[in-house]
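Next up: just one chain, as structure tokens, the form predicted alone.
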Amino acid sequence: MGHKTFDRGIHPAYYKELTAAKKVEQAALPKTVIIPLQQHAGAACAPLVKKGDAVQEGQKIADVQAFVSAPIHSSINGKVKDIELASHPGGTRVMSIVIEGDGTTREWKAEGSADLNAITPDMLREIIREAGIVGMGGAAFPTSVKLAPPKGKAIDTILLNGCECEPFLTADHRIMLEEPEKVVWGLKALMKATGAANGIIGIEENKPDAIEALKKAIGGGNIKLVILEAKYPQGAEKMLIKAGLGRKVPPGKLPLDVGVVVNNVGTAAAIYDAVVYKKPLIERIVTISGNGVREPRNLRVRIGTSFEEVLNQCGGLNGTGETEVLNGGPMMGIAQSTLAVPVIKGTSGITVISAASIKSNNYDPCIKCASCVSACPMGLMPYRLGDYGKAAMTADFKAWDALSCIECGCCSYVCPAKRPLLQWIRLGKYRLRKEAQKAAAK
């Protein structure tokens, strides 16, 4: 097996050594959780509980009948304190259920069958849906929706993403190293749910211990491990499909259009817990790293725990001056204005960077060097998209194929003029969404 990859992309500096060798630890049980009703791509959930209600760990507390959705569960035992607007790590304020814990926790024991022959595809899809499982690599797309492709769209391959190409994050690395059997079992469950004959796990070459652990767990059969070059954004769906399978997803199309469903390795492990332990998605592994936190760690954190509480369990901020706290990694993560935001299903990491390590807000004019064009994995012209997004020229922005941008941040990373291209492109996409909403409301 060679080290396969995709065209273009970048090789940022990596800092995985801060947490790569640190085993996953259970975070302390939070006294209070704030659980947003919007934690997934698609329709927001509506609460199934009201203020004053007692709730149990794992209880469904919010749901919606829309197809693209995923229910939400209480991550602790306690009482509903309030249902109110609260800060969300995505940068907005959304309706959230605030639960005060009673200090107790539930012991999850095996209740379901680990024998996939005893479970039908329909049962698997229903279990995954009811467990509220979403893509845990950050996009948070409801997994059950991926497993129900439209008629005429046959899925022949499930591709698990174990690349974790963000420079600081190691949560997926630790899952593959510590729970490889769960990852492989979850992959087999995904294959059965879709009828896919083949399973592939894509992993970058910089995780040799996880590679060996997965090889042992896979054994033989129709599951293969594909070792990929360590390059960013190797873990993006279209890049991973091109590198791992040699298939190109056409513009405007989805992986299912080339017979593939892509899932994260953490999602596969969560499926094992949902089927065997009847445990919904109420906690996840989070990497807390960066030069702005005293004790970088990998923690298993309850959904709804505040960033402040998580950081305090890592010794707090290192006190060397101003810091930037990101939901996710430095390439695609979103800077936070408050530490009161909660860990959500898509929070793969909390990265804390000192102000001295961050590019200045000052930028220079574009020098037309085309570095961003050479780096863009989608073959776009980021310098033009950035200008159109900044200037609110939405027609031109869309005409230059802005919707194909995967927001990886390669363009901003390589720009010698330090232009915040990704920020401007995101602004342009936001304006397009607002225009579409206004048009739909007419």
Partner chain sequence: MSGSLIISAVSMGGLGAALALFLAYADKKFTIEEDPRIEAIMGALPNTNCGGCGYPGCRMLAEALMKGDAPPTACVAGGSDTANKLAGVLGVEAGSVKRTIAVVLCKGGHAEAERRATYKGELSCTASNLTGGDKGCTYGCLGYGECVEACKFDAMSMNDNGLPVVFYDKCVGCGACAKACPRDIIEMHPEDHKLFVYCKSKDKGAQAKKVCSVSCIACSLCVKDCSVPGGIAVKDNLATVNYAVAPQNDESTKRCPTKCIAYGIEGQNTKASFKASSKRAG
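Keep in mind that what you see is a predicted model, and the values were worked out from it rather than measured. Positions refer to the first chain, counted from 1.
Another form, the form predicted together with its partner chain, is not on view; read the next lines as being about it.
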query: In the predicted bound form, segment of 337 to 345, 233 to 241, 158 to 166, 212 to 220 with a heavy atom within 4.5 Å of its partner chain; finding: 337 to 345
query: Heavy atom within 4.5 Å of its partner chain in the predicted bound form - residue from 195, 91, 246, 251; finding: 91
query: Residue 60 within 4.5 Å of its partner chain in the predicted bound form, heavy atoms; finding: no
query: Exercise: residue 82 in contact with its partner chain in the predicted bound form, heavy atom 4.5 Å; finding: yes
query: Any non-hydrogen atom of residue 358 within 4.5 angstroms of its partner chain in the predicted bound form; finding: yes
query: Residue 108, heavy atom within 4.5 angstroms of its partner chain in the predicted bound form; finding: no
query: Within 4.5 Å of its partner chain in the predicted bound form, all of 322, 390 and 431 (non-hydrogen atom); finding: yes
